[in-house]
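Quick heads-up: it's one chain on its own, the form predicted alone, in structure tokens.
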Amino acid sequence: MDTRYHSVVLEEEKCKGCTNCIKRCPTEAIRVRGGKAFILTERCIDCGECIRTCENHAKKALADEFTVLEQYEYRVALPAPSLYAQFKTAKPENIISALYQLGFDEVFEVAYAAELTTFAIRSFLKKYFEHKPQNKPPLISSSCPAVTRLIQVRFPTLIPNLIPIDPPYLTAAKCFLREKLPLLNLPREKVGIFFISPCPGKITEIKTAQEKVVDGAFSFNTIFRQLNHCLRQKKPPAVNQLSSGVGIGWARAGGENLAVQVENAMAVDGIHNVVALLEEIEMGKLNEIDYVEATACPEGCVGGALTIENPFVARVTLRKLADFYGDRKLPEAVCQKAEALLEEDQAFFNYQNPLPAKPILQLDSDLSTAIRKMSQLEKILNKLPGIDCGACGSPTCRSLAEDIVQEQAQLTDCIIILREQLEELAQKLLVLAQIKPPAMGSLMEKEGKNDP
């Protein structure tokens, strides 16, 4: 069982056991038992869908507290492009300036790193398409960690279709470490690099990384109040901004496709839409598509579970910003910089380690035991009503059958079966109540005759 760290956690005292979350989880990672929900860590992909769904605010994402900056002599902020869409009137250069005023010594724009990543993806796709086999499933963007994790646990056969390019925030951190860290005359452990994240998926990815490139993450809802106060009261002056509209536009659904400029590409946003699309890809129905941009959050990163602004309003704000700063052409300086990085190190933008498959339906590590459990599962499933109501605390009848096989639930957790058994028991009790023992029967008859 995978017991890795998850940024998405449950506050049990707030949970009402309503079962709304179990129906929305794309990997069936939530159960309700004893009136309280709990998360199966081996299934969770930290997409944040349960945070959106829970009306009782019982789900939350754990991010770093701002006081962690005190542990470092030099502090670097990596603001996600979607941060710019949280403020209707402030420009990116003002937001960057406000980050400096909040205590960061340097701000490295992830939007700028997205432009470098754009060049790297274009270079990778150019080589790939030169030798692409016929009838090959589309390549899939690896920029959204929740989608990457979804593929690992639910669609492991599609792992080879993920392009091996790091997401922009990692590119930003690696650029800083390569170019700026040697100039600081400070050991690496004295420099703190923090991503400002719109979603729990990236926080989890940072916390569980085998190689610590980024030291931590602040969520938008953690830093928003201080930033907003700084922008309103102190009115920070504008600073030099490296990114253009190409990188800023990455934060909205379709923005990556617009930047990469693959002609036969498509974009999908929202985790359930992504699941449906991946199912079609796995069945070989979309082989005519070359490239898929998939984001777990609705409207893209601007709709992240940890954002403040309405995702539809934020997308409009971001579209205007991208258009204002120019989102149609990758700046020549960016192309030259990315090309130089690739010349120095062909693997600079690539994954450090290959992605492993982490299938969620593993009934047992022993094959013979797993086969026996699968047979038992099918027998139990035939007994269940198949209506997937969720009243049992499992999202579907099949997931309840899995839980029963794994001895984490019982058949009578299904209210339909429980009602049938109660009705059967009531009928038996009624029949038993009408039966008179011979001794009592003769005695009662005599008493009846003696009554006046």
Partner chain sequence: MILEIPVESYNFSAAGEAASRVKKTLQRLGIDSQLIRRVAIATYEAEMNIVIHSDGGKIILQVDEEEIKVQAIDQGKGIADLELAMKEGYSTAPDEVREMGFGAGMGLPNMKKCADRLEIKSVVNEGTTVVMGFKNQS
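These figures come from a predicted structure and were not determined experimentally. Think of the rigid core as the biggest set of C-alphas that the two forms share within 1.5 Å after superposition. Residue numbers count along the first chain shown, from 1.
Keep in mind that the form predicted in complex with its partner chain is missing from the display, and what follows is about it.
Student: What is the one choice in Glu378, Glu93, Glu189, Glu73 with a heavy atom within 4.5 Å of its partner chain in the predicted complex?
Tutor: Going through each option in turn, the one that passes is Glu378.
Student: Which of Pro311, Pro331, Gly254, Pro137 has a heavy atom within 4.5 Å of its partner chain in the predicted complex?
Tutor: It is Pro137 that has a heavy atom within 4.5 Å of the partner.
Student: Using a 4.5 Å heavy atom cut-off, are Pro167, Glu293 and Ala340 all in contact with its partner chain in the predicted complex?
Tutor: Answer is no for this spot.
Student: Which of these stretches, 301-309, 151-159, 207-215, 239-247, has heavy atoms within 4.5 Å of its partner chain in the predicted complex?
Tutor: Result of the contact check: 151-159.
Student: Using a 4.5 Å heavy atom cut-off, state whether Asn185 contacts its partner chain in the predicted complex.
Tutor: No, Asn185 sits far enough from its partner chain in the predicted complex that none of its heavy atoms falls within 4.5 Å.
Student: Flag Asp403 as yes or no: does it have a non-hydrogen atom within 4.5 angstroms of any non-hydrogen atom of its partner chain in the predicted complex?
Tutor: Flag for Asp403 set to no.
Student: Is Glu282 close enough to its partner chain in the predicted complex to count, meaning some heavy atom within 4.5 Å?
Tutor: Yes, Glu282 is a contact residue.
Student: Contact with its partner chain in the predicted complex for Ser368, defined as at least one heavy atom pair within 4.5 Å: yes or no?
Tutor: Close contact exists here: in the predicted complex, Ser368 approaches its partner chain to within 4.5 Å, heavy atoms only.
Student: Heavy atom within 4.5 Å of its partner chain in the predicted complex: which residues of 18-56 meet that condition, in order?
Tutor: If the 4.5 Å heavy-atom criterion is applied to its partner chain in the predicted complex, 18-56 yields Glu28, Arg43.
Student: Relative to the superposed rigid core, does Ser368 relocate between the shown form and the other one - that is, does its Cα move 2 Å or more?
Tutor: Shift of 2 Å or more: yes.
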